[in-house]
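We begin with a single chain expressed as structure tokens, specifically the form predicted on its own.
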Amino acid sequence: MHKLSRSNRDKVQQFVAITGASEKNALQTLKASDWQLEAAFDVFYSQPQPRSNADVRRLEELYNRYKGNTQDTSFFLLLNWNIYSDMILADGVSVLCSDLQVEPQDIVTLVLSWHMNAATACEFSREEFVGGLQALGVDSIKKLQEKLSFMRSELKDEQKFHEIYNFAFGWAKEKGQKSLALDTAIGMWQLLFAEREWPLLNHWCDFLQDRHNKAISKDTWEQLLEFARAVDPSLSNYDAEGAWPYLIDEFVEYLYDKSVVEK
């Protein structure tokens, strides 16, 4: 890289740090994108990922380290132990997080679950765990640790953030439920919008606890992100005739009533 300007060398290093790409790949992608970082990221993430060379045997050994690790003695779990004994449960996830040196509530655990296409929070089936890590191209804790910065960077990608946000609804809700418990929904919004600042978040949470106090539907969950993206915090471009869910329209009235924004 000695022939590159300092600015372009910095861009190559930044690209490698965020995407995990090789220096050669970074150089080629940036050149093709006229040295525009955002454009280069778009090109990189739109390309099919190379076939994984992760060692399945090592992945199985890793899975066996965490599976069936639980102190839960509930009747339901004992009754269904023949199913859950071959799964990574909450205690196993906690050990995994400890090995990765991240807190269980760190948003990177959500991104990891998204890569694994996990059906439920704090649980991984063998297929989810092994298949997810294989797709990431890792077969050890050390390699997975090295991927964490890449996974955090995915939250900066508009399309991936949208996918992770929508995934979070099904992942976080209780099994067998169609809606997301209000406390859980608020916790997930606070986690996700910490990555994409939305000035009205605290008002939204206060409104829900004040006026709604019910579970959140999938439609409201998905439409809220669109509202946060499309509508200015001053509501200057809010369309009262738009096809927003009733709850979001009620939130707008709440903002006017509380003089948070002016009509």
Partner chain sequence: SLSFKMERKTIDLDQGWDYMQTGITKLKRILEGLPEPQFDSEQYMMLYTTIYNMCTQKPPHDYSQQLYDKYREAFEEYIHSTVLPALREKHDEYMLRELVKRWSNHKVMVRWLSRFFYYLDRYFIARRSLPPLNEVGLTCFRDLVYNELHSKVKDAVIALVDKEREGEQIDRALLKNVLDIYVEIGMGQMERYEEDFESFMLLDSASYYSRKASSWIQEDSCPDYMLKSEECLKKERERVAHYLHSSSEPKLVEKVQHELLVVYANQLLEKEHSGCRALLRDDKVDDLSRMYRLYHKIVKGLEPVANIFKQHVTAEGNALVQQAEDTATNHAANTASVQEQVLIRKVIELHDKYMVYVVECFQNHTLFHKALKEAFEIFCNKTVAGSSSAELLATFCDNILKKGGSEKLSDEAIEDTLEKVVKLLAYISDKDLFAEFYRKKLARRLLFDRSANDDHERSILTKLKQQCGGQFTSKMEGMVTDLTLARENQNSFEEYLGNNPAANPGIDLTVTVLTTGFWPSYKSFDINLPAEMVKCVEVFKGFYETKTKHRKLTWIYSLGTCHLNGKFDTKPIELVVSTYQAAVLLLFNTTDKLSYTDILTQLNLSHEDLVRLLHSLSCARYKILLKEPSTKTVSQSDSFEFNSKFTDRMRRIKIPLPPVDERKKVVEDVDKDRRYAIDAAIVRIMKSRKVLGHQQLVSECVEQLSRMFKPDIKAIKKRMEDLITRDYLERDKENPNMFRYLA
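All values reported here derive from a predicted model rather than from experimental measurement. Numbering follows the first chain given and starts at 1.
There is another form of the same protein, the form predicted together with its partner chain; it is not shown, and what comes next is about it.
Residues with any non-hydrogen atom within 4.5 angstroms of its partner chain in the predicted bound form fall in just one of 23 to 31, 59 to 67, 217 to 225, 201 to 209: 217 to 225. Proximity of D10 to its partner chain in the predicted bound form falls outside the 4.5 Å heavy atom cutoff.
Taking non-hydrogen atoms only, W244 approaches its partner chain to within 4.5 angstroms in the predicted bound form.
Shown alone here, K178 lies within 4.5 Å of its partner chain in the predicted bound form, counting heavy atoms only.
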